[in-house]
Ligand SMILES: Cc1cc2nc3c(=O)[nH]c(=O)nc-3n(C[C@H](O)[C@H](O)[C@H](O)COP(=O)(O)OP(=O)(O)OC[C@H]3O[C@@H](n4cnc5c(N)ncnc54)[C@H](O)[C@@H]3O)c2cc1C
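Only one chain is shown below, in structure tokens, and it's the form predicted on its own.
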């Protein structure tokens, strides 16, 4: 019976363990935290957006990595994920192309995996931090602080640097480097952005639905729509997370990084101006603040007026049609300069990691070391929000588990 040791008990590690055990291997998970699957509990705001049935699935990841991913998804895709969990006894539901457990609790996903690990007699060793991995002639030695394990195959599934409280502290990168694997600098992704403009402080606490465009060196590279949360330091929310990876990469390359925001994406500027004129004609005494309260939240109104240095108590008609046109032109195309991101602790995932050329697709076996496999966030794969990152965990775990157990 082949011995397989998995370093890391997150989503990809648990999936790898189940698949390796099903192939007849004796499997041990080494997890440095006190329990496995902790990060699963955080996904989808605690509801666990498990996967995404949009086609092509690879479109949820950086363009240059899509060919690699397509070879992997041919072996295990979103529909395979749904079938896998339904076979474990968990019903799923869809919201559009997004897939969730029917309970709407991420803990259900974790519990299903734990039950299957128990059924397959997978050995789980928690509070076991791996400090070194060594290759012998025909086996691997995995050393922890208090013990060492021998294996025919080892799967590195130790996560990234994002959300260290769940066990992803970046130690997997060091293990990979110790084995000669090249690691692209990890950067926080799916993360809030810091911005230079003081307007963010004025709007702090407001949530608005916006159309957001990311511009790199003055050129639009990505467009998203959704809820944005204004903060003291900048902007957050899913619409921001979706562009954050591209923003982070641009910042790392010292490129000018901006977001252009449409504060009222549902209506054209001309429609707003017509509506505003009717409002002012109906009540000529209304102030600048009062005519805007039906269009923007009060806190935003005060911030916008202050930015223009307009008196909130002045009659709205005191300002010309041209001035109002410029006012709303600014609202439809508000530019923010991105200066950085929040820390790894505030990021959901990382971009960067072990370079993809270090592994073969679709086995995910190291090209340098036979019997070494890499799964999940440790590899340089990052997707947008919407179940893509968990799908990569399921797919990579599946592939590593199958091939590590077979030893081929």
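Residue numbers count along the first chain shown, from 1. Remember, predicted model here, so these are calculated numbers, not experimental data.
There is another form of the same protein, the form predicted in complex with this ligand; it is not shown, and what comes next is about it.
- Of the candidate stretches 335 to 343, 352 to 360, 25 to 33, 365 to 373, only 25 to 33 has residues whose heavy atoms lie within 4.5 Å of this ligand in the model of the complex.
- For the options 305, 163, 151, 212, the residue carrying a heavy atom within 4.5 angstroms of this ligand in the model of the complex is 163.
- This chain appears without its partner; in the model of the complex, the one residue of 116, 258, 224, 128 with a heavy atom within 4.5 Å of this ligand is 128.
- Looking at residue 347, you'd find a heavy atom of it within 4.5 angstroms of this ligand in the model of the complex.
- In the model of the complex, residue 399 stays away from this ligand, with no heavy atom inside 4.5 Å.
- In the model of the complex, this ligand lies within 4.5 Å of some heavy atom of residue 44.
- In the model of the complex, none of the heavy atoms of residue 244 sits within 4.5 Å of a heavy atom of this ligand.
- Heavy atoms closer than or equal to 4.5 Å to this ligand in the model of the complex belong, across 133 to 163, to the residues 157, 158, 159, 163, ordered by sequence position.
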